[in-house]
Structures are given as C-alpha cells and as structure tokens.
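Next up: a single chain in structure tokens, the form predicted on its own.
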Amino acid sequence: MDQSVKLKLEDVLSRAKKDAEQAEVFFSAVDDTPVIFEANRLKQLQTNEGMIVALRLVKNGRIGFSTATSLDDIGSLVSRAVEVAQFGAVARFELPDRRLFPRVSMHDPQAESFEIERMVDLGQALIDRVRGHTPDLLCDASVGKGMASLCIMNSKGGQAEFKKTFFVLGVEGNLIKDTDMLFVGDGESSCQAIADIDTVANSVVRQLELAKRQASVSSGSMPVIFTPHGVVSGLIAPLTVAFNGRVVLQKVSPLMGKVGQKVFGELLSLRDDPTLDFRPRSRPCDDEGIASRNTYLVKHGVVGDFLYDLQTAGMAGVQSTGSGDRVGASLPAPSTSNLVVEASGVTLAEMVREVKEGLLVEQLMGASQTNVLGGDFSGNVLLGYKIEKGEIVGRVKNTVVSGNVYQALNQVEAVGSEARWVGSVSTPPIMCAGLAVGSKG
C-alpha cells in the first residue's frame, strides 16, 4: 500500500480516537479490467478503479459510521461518524487487538500482469470453440482480471493488510428456433490467471451435445440429480440465509435452536472456509480483522455453527466466526466466504445408472424467488435432461422442479465424488429422492 495512504488512514484513526471509546478505519481499493463480448463480438474493454474508506466508532456506547470515496476530507469523515453515533445502535462488541492470521495464498503476479490482448484472445477462443459445435449459437463471453487491496486498523492495535488478485472467465449461449429456446453456459474464477479455456468450453459443448435430443417427462414425484450448477441454482440460497447469525437473532431461521441436531441426510457435510488458497472469497481475516477459520455448518447431517460478525456475536453471546463482510460502503454483516459441500464416493455416471425415471438438472431459474426463509424452492428447468432406465435420453422443456430444501437434503440418496467450483461454492452432484416434478409435455 502507498505510504501516503497509510499515513492518512492513521490520521483518521488518531482523530477518531479523540472523540470515541473505540474506532476502526477500513480501506479497500479495487482495480479491475473486464473484457466483454456480446452476440459473438467484442463489446467492451475498460479498466475501472475505485476505493472506499469506512470509519466505524463507538461513542457513548453507540455505533457511529461514515464512508468516503477519497481521503481528501478526513475531518468531515470523522465528524460525520461522531454525529451519527448519537442515533446509532448500541455496540455489543469489542474491537480485536493485534492477532495472528492464517497464511492464505491470494496473489498471483501472472494474473496481475496478464495482457489485455491475451484476454481478448481467450474470450474469442471460447466463443469459437462452442460455436464450432453449434454454429448458430449466439454467445456472450467475459474475461476479467483485477486486484483488490485491503487495510484495517483500529484503536485496540488490531491491524490487517493484504492484496488479492482475481481472474474470471465465462461464456453463455442461447439458441432460438421457433418456440424452442436453449440456454447453455459455464465459467471459472480464481485468484490465479486462467489461461486454459478447456474446462469451460468442454462443459458447454457437453451441454449442447446432451441437448441435441428432446424428451418429455411425466409429472409426479421422482429422483432428481442436481449437477454442481444445479445445486447452486436450486439449493444453496436458503441455506446461506438460515446459517446467517443475524437471521438467527431475528428468530426467523428454520435452524434456530437446532445446533447439534440431525436435520439433514448423513451424507451431507457443508462448511464455510475462507482459508482456501487462491479462491476469490478467501482471506486471512474478515473485514473486521478477526482471523479466518474453517466453520462446519453441517457435519454428516448434524447442524453445526452459525456465522457471526462482531456485533451479531455480541448480541448472541458467542464469539465471532470471522464472517464479518462489507458490501460496498456498508457496516459489517455476517456472510459466507467459500461454501464447500464435501464430496463422497459416487460418480455422476453411477448416479444416473441407478435412476429408472428422473431428472438431471443443470440449471434452475427462479428457484430462490419463493419462500427462501422457509426453505421452499420452485424453479423452471432452464437446462435439464430426462433420465430413463439409467441413461440420459434428452433435454426437457416446460418443466418445473419444486420442494423444500430441508426435506430434500434430508432425503439425499447420493453425493458425488466430482466436486467443482461454481462461483464461491464448491459442490459435487447431489441426488435427492422424491422431488415434485411438473411438466406440460
């Protein structure tokens, strides 16, 4: 970090300490370069820079908060936070002192220096590869790189500073013929440079190959296999809400009071782990300077810990899990980092062979727009395939899958061995028994 910036942050903290019992200054700067293709052509190429400075303090036991996008007016930043404190919430936390953090690899010089011309070539190669299989496919693609710098310092001596690179690559395609609309896509993200398109391209080509034939499925209750993308689009959102410490404090989480109880199938284990190397959501500490740690949310079906930041942990009478996260210019709040569904010993092919009639769901649309707090989901199958007598026989249309996450994950028949990352979630395929399937076909 530039030394002049650090001196200004120290000045902010020094001024805030004169008016408050506790004070914390948070600094984040992001530099990113997205390369965007639309309708098979290069559409946008630019570099974006931005920074946020946030001051949180405790005066007379209440929280004051202010933010800025520059360090040009330090006095105003401090005075606004002091003024807001008289109306702020009661502080239920003590800021951390200097701590030891786990070592987490997050910076790749090759990602930082990756040439823009190579990024353009990667995006075009991705489009060319998938259109080589289906020439009429209309594709949007993106390749992006960036670097984030973060610094936290507080009045108790707590301090953290680190840099992180990130790199993303993805493609989406659609094919419209009369009333038939086919949507395919995949992507990768990492803190390291991604110079190989094979994983993404091969996945999309596989989707296109399986979608060549169409099949109709009966309405009724049947086994449904969710691919990693299917798991994320259909099952994850209710869980991230239910394990949020703030939701637990509001007494609206379905898992409230169930720590140590078996709620899910024994095959399911789920953890939140910000200490994994080279994942974009990894970090040595959270946005409050609390050391990162691996937290089991579910272990062999048994409910483990909830996720807390400092304030919600203080209100709950527990310790922070290092899950304080700031979205833009906001106060910290509990949030997931890297969610990991632990793999088991069954391949996707073996799962499919066990199904007499069922669905393989690649992507659900709108599943999280129902009663998320209650765990209900109902989504249109944007991309999915019928399984008949142990084989994938064709793509389904006009099909809806619905159920309740807690019931579905309590009836898990198999958890796959082939986990992969979908955004910030690593998951294998999961087969659930007896989900409701509705079809117009």
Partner chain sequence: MNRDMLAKALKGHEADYVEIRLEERRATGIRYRGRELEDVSQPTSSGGNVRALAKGGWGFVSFNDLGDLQEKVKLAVRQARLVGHDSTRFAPVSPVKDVLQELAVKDASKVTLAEKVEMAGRYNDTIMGVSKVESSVVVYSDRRRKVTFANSEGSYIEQTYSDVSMRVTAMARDGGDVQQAGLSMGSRGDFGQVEGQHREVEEIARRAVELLSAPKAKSGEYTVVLDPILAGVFTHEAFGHLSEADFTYENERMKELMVLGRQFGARHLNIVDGAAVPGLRGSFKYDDEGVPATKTYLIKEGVLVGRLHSRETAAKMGEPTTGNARAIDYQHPPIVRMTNTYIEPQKVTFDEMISEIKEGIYARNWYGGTTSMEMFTFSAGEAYAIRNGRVAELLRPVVLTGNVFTTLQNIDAIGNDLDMNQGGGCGKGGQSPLPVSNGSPHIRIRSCLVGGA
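Numbering follows the first chain given and starts at 1. Everything quoted here is computed from the prediction, not taken from an experiment.
Although not depicted, the form predicted in complex with the partner chain is the subject of the following passage.
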Q | Option from 279 to 287, 203 to 211, 68 to 76, 347 to 355 whose residues, in the predicted complex, bring a heavy atom within 4.5 Å of the partner chain | A | 68 to 76
Q: Spell out, yes or no, whether the shortest heavy atom distance between S105 and the partner chain in the predicted complex is within 4.5 Å.
A: no
Q: Answer with yes or no whether S113 is in contact with the partner chain in the predicted complex, where contact means some heavy atom within 4.5 Å.
A: no
Q.
S216 versus the partner chain, in the predicted complex: is there a non-hydrogen atom within 4.5 Å?
A. no
Q | D128 within 4.5 Å of the partner chain in the predicted complex, heavy atoms | A | no
Q.
Is the partner chain in the predicted complex close enough to M1, L7 and S424 that every residue in that trio has a heavy atom within 4.5 angstroms of it?
A. no
Q: Please pick, from T199, Q319, N371, Q261, the one residue with any non-hydrogen atom lying within 4.5 angstroms of the partner chain in the predicted complex.
A: N371
Q. Looking at E94, D121, D180, D97, which has any heavy atom no more than 4.5 Å from the partner chain in the predicted complex?
A. D180
Q: Can you tell me which bits of 328 to 358 touch the partner chain in the predicted complex, meaning any heavy atom within 4.5 Å?
A: A329, L331
